[in-house]
Structures are given as C-alpha cells and as structure tokens.
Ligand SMILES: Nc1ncnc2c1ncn2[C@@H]1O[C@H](COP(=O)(O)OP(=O)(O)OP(=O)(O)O)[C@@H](O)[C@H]1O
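In structure tokens, one chain follows: the form predicted alone.
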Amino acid sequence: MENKNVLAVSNLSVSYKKKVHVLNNISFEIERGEILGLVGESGCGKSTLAKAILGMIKHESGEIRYNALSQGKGICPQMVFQDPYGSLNPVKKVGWILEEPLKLKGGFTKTQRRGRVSRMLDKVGLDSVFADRYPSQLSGGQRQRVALAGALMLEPELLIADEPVSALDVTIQAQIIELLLKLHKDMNLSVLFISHDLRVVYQICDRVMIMRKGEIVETGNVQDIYFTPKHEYTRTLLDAAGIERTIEACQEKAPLLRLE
C-alpha cells in the first residue's frame, strides 16, 4: 500500500551545544502533492527545522522519515534558499551549476546532462542561452529561477522552500510564486514552504503550521487557521499582519494565485 506521506517527522528535538533548545518535540507529516506552510517570527526555528530534515545539522532525538516512491526520483528532499545569489557558485556558469547534481549522481552522458539542463531552464522560464551566464549577470528573479532549476534537476518528490521570495521585490515575488505553483502541479511536487509572510502562505498553501520558540503551537488547513485560529499566538500573528479574519476580506487583500 502506497504511503500517502512523503515526509514524517516524529518528536524531533535539536539543541545547539547541548544547552539551547532550538526545536522541541516537533511532529508533523507532509502528504504527497501537498504544499505545507511553516510560519513563525524570525528566530523561532523554521530554518533549523529545514536543515535538520536535510541532514545539514544533527538532531538530538526523534525521527525523520522520507518516503520516496522511487529510487529513480530524488533520493532526498532538495532546498531553495532565501538568497539566490548566496546559494549559487559565483565563479561557475549556470550550465555548470545545473549539471553538477547530475554529475554527482552519475549515470548520465554529457549529452544527456546538457539536454536536461536545457529542458529544466525552459521549465523555469529561462532561455537555454542562460546556461552560459554567471550568476552575477542575472537579475534576482532570474537567480531564483536558476536556484529552483538546480533543486529540481534530480526530480525530488519534496522541495523545501525557505523564504524563497522574501529577498525579491513584490512584482518578482508574484512571478516566482506563480512559477512554484506551476512546478508543483507539473511535477507533482510536495512542498514545505517556510515563510514569515502570512499573506503569501494563504495564497499557495493547503495546510499551515504555526511555530513559536521551537514548538508547533497550531496546525490545520489554511481556512481554519486563518479564520478560526485557536491559539493566541496565531491570532497575534494574524493581527500583526493586518489580516481580517473573514474570507471575503482576506481574499480581497490577498487574491489567490492558484493555477487551475
């Protein structure tokens, strides 16, 4: 029987230097094809959770279980970071950056690698000529498109997007959100979307988790969390974002960008 969850995290705790608790007893699942939002103020542990899932930092206790459907589709989740310029090698051209995951995995000829690079650039809305450019020659939005392409080169089933639009201006934010939704649909991606922006989360997520001081204080579908929040901290975040807790008001101020 197929496991409906692409990721299951159970009782996860992370401490720095075994003294400061950053994450405390975190448990949640991400279903296949779902976009799950993770919201909380700066410093609450959102990025630490992402790094723990990816194995970039060790967790003190608990379990992280990634359920890939196929060994041929990305063995582990991939991540898109907040700053696309900082996440791209500045001395390498885009083509080299995108080929590298394929080289590391192995099993691809040079022709196959370059063909996949060209197809992925097209998928993220960039012409193949961008393969011969350096990150410094790209705009912020173009860099984030390249970062998305790089994360998806091995066709992972789970993408972790850590504040992927917060460093971009509003117009480019909308373009990248629309692209992310299209990739989600076309590639049947599951996405953990990390943000402090409640309006963006409302636009694209199916469910949302609210994090405070390393703990998940409330989880639910977007409609329930936004319009009938149960935890006081959730209500405080919504009020601070200026979001009125009626469906009509929220949709008027933050129209949905979902692609049909």
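Sequential numbering from 1, following the sequence displayed. Keep in mind that what you see is a predicted model, and the values were worked out from it rather than measured.
Note that the form predicted together with the named molecule isn't included here; everything after this is about it.
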| property | result |
| --- | --- |
| Three-residue site 16, 42 and 46 fully in contact with the named molecule in the model of the complex at 4.5 Å by heavy atom | yes |
| is_contact(residue 163, the named molecule) in the model of the complex, heavy atom dist at most 4.5 Å | yes |
| Residue 212 within 4.5 Å of the named molecule in the model of the complex, heavy atoms | no |
| Contact of residue 196 with the named molecule in the model of the complex (heavy atom, 4.5 Å) | yes |
| Residue contact check: residue 241 to the named molecule in the model of the complex, 4.5 Å heavy atom | no |
| Interface stretch in the model of the complex with the named molecule - options 46-54, 222-230, 199-207, 24-32, non-hydrogen atom within 4.5 Å | 46-54 |
